[in-house]
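We begin with a single chain expressed as structure tokens, specifically the form predicted alone.
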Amino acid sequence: MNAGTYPTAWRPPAFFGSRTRQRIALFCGAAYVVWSLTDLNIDVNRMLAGFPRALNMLARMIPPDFGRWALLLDGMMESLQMALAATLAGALLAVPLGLAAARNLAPMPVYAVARGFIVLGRTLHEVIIAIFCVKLFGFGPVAGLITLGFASAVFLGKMLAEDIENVRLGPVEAIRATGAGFGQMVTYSIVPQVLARTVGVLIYRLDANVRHSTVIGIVGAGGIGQTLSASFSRYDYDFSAAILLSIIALVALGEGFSDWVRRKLR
């Protein structure tokens, strides 16, 4: 065979089996994006009018006003307390939920109920849950604590269940062969295999709760977010800038703590 018939340059394989189907898929995707933009009824003039208002807001944010540091500190401490307490409560609730949602441990009826609860809980965003909790329990950190605790339990329970389903069956069968009960089997064959990853996920959730605690406060669930929402409502933009900078510092501190703990665990 003539060497000239072989391709001289490598081309990646097509995503959809052939170049023609790939071009058709890309064309359909581009057409859908264009249709979506036209169907959203975007008002370009209104968007352009917002830029001067944004510049005016930024100008009024400078310099940030840290004069009300006591109010700022109270909001930050409230957010931290909500995040820590919610993470602890969520971790305690996630243990039975994760065991019930693991297919290799729980019978089918228990598994179906636990998985359904996890799916339902993960369907609702923290802000949506916070709105319900504010309506039920009123404004303040109680609504935020319940919101973050529920979200943490669902998230940690799902991750724990998936880790349990992926454990090696050898240690489990060996412990069962000794006549050990369910609790002993979980303690001596499941826990050692999932502990390190579960602690890492728990630290990640703590970091996420610190960030979420600053968001759910905007709908009245306590924390620094509620202080931020009130400052924007009063057009107190210099104090809003101080709050935003404090939130950035808090999240950065939480990220650094999370990285430090993960390095210690490795």
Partner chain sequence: MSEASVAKRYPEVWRRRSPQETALGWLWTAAIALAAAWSVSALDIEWAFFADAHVQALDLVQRMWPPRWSYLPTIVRPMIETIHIATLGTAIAVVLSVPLAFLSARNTTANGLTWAIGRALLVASRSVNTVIWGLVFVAIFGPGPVAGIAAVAARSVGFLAKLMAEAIEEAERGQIEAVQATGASTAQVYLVAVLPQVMPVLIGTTIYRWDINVRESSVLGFVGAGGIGLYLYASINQFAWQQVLVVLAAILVVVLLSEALSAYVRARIT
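Numbering follows the first chain given and starts at 1. Rigid core: the largest C-alpha set superposing within 1.5 Å between the two forms. These numbers come from a predicted model, not from an experiment.
Another form exists, predicted in complex with the partner chain; not displayed. Remarks below refer to it.
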query: Interface membership of T178, the partner chain in the predicted bound form, 4.5 Å heavy atom rule; finding: no
query: Proximity of R197 to the partner chain in the predicted bound form, heavy atoms at 4.5 Å; finding: no
query: Non-hydrogen atom contact F137 with the partner chain in the predicted bound form at 4.5 angstroms; finding: yes
query: Non-hydrogen atom contact Y32 with the partner chain in the predicted bound form at 4.5 angstroms; finding: yes
query: Listed range touching the partner chain, judged in the predicted bound form by heavy atoms within 4.5 Å, from 162-170, 178-186, 101-109, 124-132; finding: 124-132
query: Listed residue (A54, A70, L26, I62) with a non-hydrogen atom within 4.5 angstroms of the partner chain in the predicted bound form; finding: A54
query: Residues in 238-253 close to the partner chain in the predicted bound form, defined by a heavy atom within 4.5 Å, in order; finding: L244, I247, I248, V251, A252
query: S233 C-alpha relocation of at least 2 Å between this form and the one not shown, rigid core basis; finding: no
query: Core fit, then G29 C-alpha moves 2 Å or more between this form and the one not shown; finding: yes
